[in-house]
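Next up: a single chain in structure tokens, the form predicted alone.
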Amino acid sequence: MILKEAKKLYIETLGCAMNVRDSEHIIAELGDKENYVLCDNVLDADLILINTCSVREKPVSKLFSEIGKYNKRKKEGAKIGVCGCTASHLGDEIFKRAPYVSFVIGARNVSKIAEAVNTPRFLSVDTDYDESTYAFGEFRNSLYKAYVNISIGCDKKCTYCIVPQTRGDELSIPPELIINEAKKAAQSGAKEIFLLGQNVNNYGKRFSQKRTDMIDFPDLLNQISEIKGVERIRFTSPHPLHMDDKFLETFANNPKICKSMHMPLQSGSTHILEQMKRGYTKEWFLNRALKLRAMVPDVSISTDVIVAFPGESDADFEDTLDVMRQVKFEQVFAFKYSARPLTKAAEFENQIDPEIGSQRLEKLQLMQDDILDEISCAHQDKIYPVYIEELRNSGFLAGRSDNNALVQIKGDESLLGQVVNVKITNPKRLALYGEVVL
């Protein structure tokens, strides 16, 4: 029997951790079914894939810029495919604007990748397609951390967000598939399981097939924590609306759940939250965040903030700053509002002058810098268990503390995949530097 020579795949992944996991699924599917191996040089590739994101500014112009760049550089006969969220909402328009693209598959159609590479001008962007029970092959970028999807799609109707239009309605992945995937990852050496979903703490509300058992997100967290070899569990993103007491108590009391929480605020103004259709108030968010601080004193809380959302007044913006003062987030991902296609907010008439938006964003970021300086100083001389995951330049290793602080130490590769105690000797805003202690 003559084995066919492996074909080479180059993939560019844009956007969130869910896109990273989708790319891992694509690599596994093409490796198992089409004999593709990953390469890091686009000039060698037989297939070039762009896994796109629609969330940030100008995703469409960035996409076509990337396609054009690859078309000029690719070797003769190489195919170009477009996947992900921008593919979902542009669909056939991609072929019209870039006729040299071989196929387009949306964010909810990843399992069709093998069919796509063998079908001329293949197009599949169905956001109702059900991949929630599909068992993908095994591929992971990291030996030490395993991303695991627990749901697909999103049921929320946030007026600024395109995700429901690109990933479809929310479905929970059956727990047995999740547990099996986490077990395989742990058996291969991953000590950390990172659960992914648009609203992870809404898990269990709807499955594509009828079930007799009842399971929610805290139940799932407890089941995963019982898997041999799993030492740490992280997740993103929970929705503030679903942060009930059971969820907070499980987070606080299960020692394998890392003590970092992403709580997307978006705005501190109840009025703006209503316009965003977020489903909670400023008071509810503060209640949950401050209760979390009380239950887990060392918790780190990160958030997302949009400034200059349509209709945001000076008073509304001050409400956002007030929440930041009270919660003191360890990390803030702040953005000036920009209209996204297919969203309600893009149709609102009371858009904010971009210059005002820039001024508000700068003010918020300066406040956060002051908060981070205060937080960083508090880390001095503290000792944290750190899971070492990455070899960096100049002899540094990097990892995360239990509460998600980025920690860097001097050391060699023998420490990769180990949890070591690190004393912080030089805390900075974006990273803590320290030394291993026994």
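The structure displayed is predicted, hence computed values, not measured ones. We number the residues from 1 along the sequence you see.
As for the form predicted in complex with ligand SAH, it is not shown, yet the points below apply to it.
Interface residue remark: residue 279 is not counted as part of the site for ligand SAH in the model of the complex, having no heavy atom within 4.5 Å. The closest heavy atom approach of residue 206 to ligand SAH in the model of the complex falls outside 4.5 Å. At the 4.5 Å threshold, heavy atoms of residue 42 stay clear of ligand SAH in the model of the complex, well away from it.
In the model of the complex, at least one heavy atom of residue 198 sits within 4.5 Å of ligand SAH.
Stretch 331-339 is the answer when you ask which of 331-339, 139-147, 72-80, 358-366 has residues with heavy atoms within 4.5 Å of ligand SAH in the model of the complex.
Interface residue among 406, 55, 372, 38 relative to ligand SAH in the model of the complex, by the heavy atom within 4.5 Å criterion: 55.
When ligand SAH is considered in the model of the complex, only one residue from 130, 126, 115, 304 comes within 4.5 Å through any heavy atom, namely 304. Residues of 253-267 that come within 4.5 Å of ligand SAH in the model of the complex, judged by any heavy atom, are 264, 266 in sequence order.
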